[in-house]
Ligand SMILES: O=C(O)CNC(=O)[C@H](CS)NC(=O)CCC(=O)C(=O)O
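Only one chain comes next, encoded as structure tokens, the form predicted alone.
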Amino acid sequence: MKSYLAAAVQMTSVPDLEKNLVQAEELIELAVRQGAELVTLPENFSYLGREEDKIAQAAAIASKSEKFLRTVAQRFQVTILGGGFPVPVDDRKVYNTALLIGPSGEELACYQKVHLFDVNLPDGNTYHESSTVQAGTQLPVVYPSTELGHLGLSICYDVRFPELYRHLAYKGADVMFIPAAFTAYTGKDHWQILLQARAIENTCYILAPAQTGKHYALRQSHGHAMVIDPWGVILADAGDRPGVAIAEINPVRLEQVRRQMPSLQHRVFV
């Protein structure tokens, strides 16, 4: 593993596939121009609209999203995470799928979101992800990159389930991806502290690309895409506008923190 720059992209995706892909490409190019070798896109990067519209267009969204990720990875010669897009199961359900693509356009890892966001919030908004999304059944994988470190996948609501990240740590993760479309209501209180907790307890870097702003009707996301180091220090924060959070992933820092705080070695109930 070498020292390198990684980027967490922040978008305001809307119910328009082509418009979102244009926005994503512009932000990927911005990150690459600043030296990023690993670029991560948020959950719903290619489409964020009403559930029934997502289902109706799911096949096209899935096909164009995957083609886009392969094309831009090859064009910019970087590793890219597509943090979540719908892949059809049947005509009623999709998998919320994260895809990691290498610089040659090859698939490195794939994860289907396990924890689905079925929540009634005090602000009056109700979310029922399971109405259109089929929960994945497999724990996320850790992709062992010799240059970028061991990379662990997850998606959004997973962040509230620490056992998933402890699994990634057990599998040797150095960097954990938490791409999200975190609601504005929950994000203001929970987003940052959850990300820092996952970094601290697993002594890992966290890359958390995010959605921000208003997408349609009442749907609004918190923003604040972040890169966090293994001590829980926020290295970069994209704020509340579309943009990019970029910071160094440093194996020396990783080893230093794990030596000073060897909590992963002290686990009793494994």
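Small disclaimer: the values here were computed from a predicted structure and weren't measured. We number the residues from 1 along the sequence you see.
Although it is not shown, the form predicted in complex with the ligand is what the next lines describe.
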To test your reading of this chain, name the stretch in 69-77, 98-106, 175-183, 140-148 whose heavy atoms come within 4.5 Å of the ligand in the predicted bound form.
175-183
Check each of Ala199, Cys156, Leu81, Leu153 and return the one that places a heavy atom within 4.5 angstroms of the ligand in the predicted bound form.
Cys156
Is there a heavy atom of Lys54 lying 4.5 Å or less from a heavy atom of the ligand in the predicted bound form?
yes
Can you tell me if Phe117 lies within 4.5 angstroms of the ligand in the predicted bound form, counting non-hydrogen atoms only?
yes
Within 4.5 Å, heavy atoms only: does Asn44 come near the ligand in the predicted bound form?
yes
Taking any heavy atom pair closer than or equal to 4.5 Å as contact, tell me whether Arg92 reaches the ligand in the predicted bound form.
no
Heavy atom within 4.5 Å of the ligand in the predicted bound form - qualifying residues of 114-135
Phe117, Tyr127, Glu129
